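Let's start with one chain on its own, the form predicted on its own, as structure tokens.
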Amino acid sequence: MTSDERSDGSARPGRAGRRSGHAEPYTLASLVEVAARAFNERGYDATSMEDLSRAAGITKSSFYHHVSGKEALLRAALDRALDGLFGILAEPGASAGAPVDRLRHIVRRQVEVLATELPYVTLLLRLHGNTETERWALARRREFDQTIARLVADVRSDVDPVVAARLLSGTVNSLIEWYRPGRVPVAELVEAVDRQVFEGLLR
């Protein structure tokens, strides 16, 4: 029995680098997932390729077979988060209909994307802008927020759309601080945020 096997001969869980029954035991997607979680736990700057290879259960040379370095992993993880957010804006519910209905669709879908892509969205929301990739992602995030602000302006002319958009995003984004998959069903989470944002705590 090897160190990566249980007593029953099956592979141990939690090691991206060794999975029984696969000629290629790890993929770029699985390495990006490992990297996103490590960056969230340690911080991007404090995470080394040695840390990442250890977390994935593979050698650094194997890691470099898939990616050019740490920033490429960061870019791939942020791409996943941003693709999820901007994909919302391309949906019919976000692009057609009354402004308030479009805004409501976007907020509800933001919650879903955050819940299903939690490690990647968390990474996006915790960026400091220290690298070129981080600055690129922050610019994209501001572009998303500006789209929300323009829509808010169509819904309410008596509020500052930038402030309102930030409050909306802040409500959704705060979920990363406490939400964990399985703790609350995603559908219930969506409904709870929807009620708080569009109906308020007090009638």
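Numbering starts at 1 and runs along the sequence shown. Keep in mind that this is a model prediction, so the values were computed, not measured.
The protein also exists as the form predicted in complex with a further copy of the same chain; that form is not presented, and the subsequent description refers to it.
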### Query
Is a further copy of the same chain close enough to Val163, Leu167 and Thr171 in the predicted complex that each of the three has a heavy atom within 4.5 Å of it?
yes
## Note on the structure
Partner contact check in the predicted complex: of 125-133, 76-84, 91-99, 112-120, the stretch with a heavy atom within 4.5 Å of a further copy of the same chain is 125-133
### Query
in the predicted complex, which of the listed residues (Arg156, Arg150, Lys60, Arg142) lies with a heavy atom within 4.5 Å of a further copy of the same chain?
Arg156
### Task
Spell out, yes or no, whether the shortest heavy atom distance between Arg104 and a further copy of the same chain in the predicted complex is within 4.5 Å.
yes
### Task
Answer for Asp45 alone: is it within 4.5 Å of a further copy of the same chain in the predicted complex, judged on heavy atom distances?
yes
### Query
How about Ser53: is it within 4.5 Å of a further copy of the same chain in the predicted complex, going by heavy atoms?
no
### Message
I'd like to know if Ala187 sits close to a further copy of the same chain in the predicted complex, meaning any non-hydrogen atom pair within 4.5 angstroms.
### Response
no
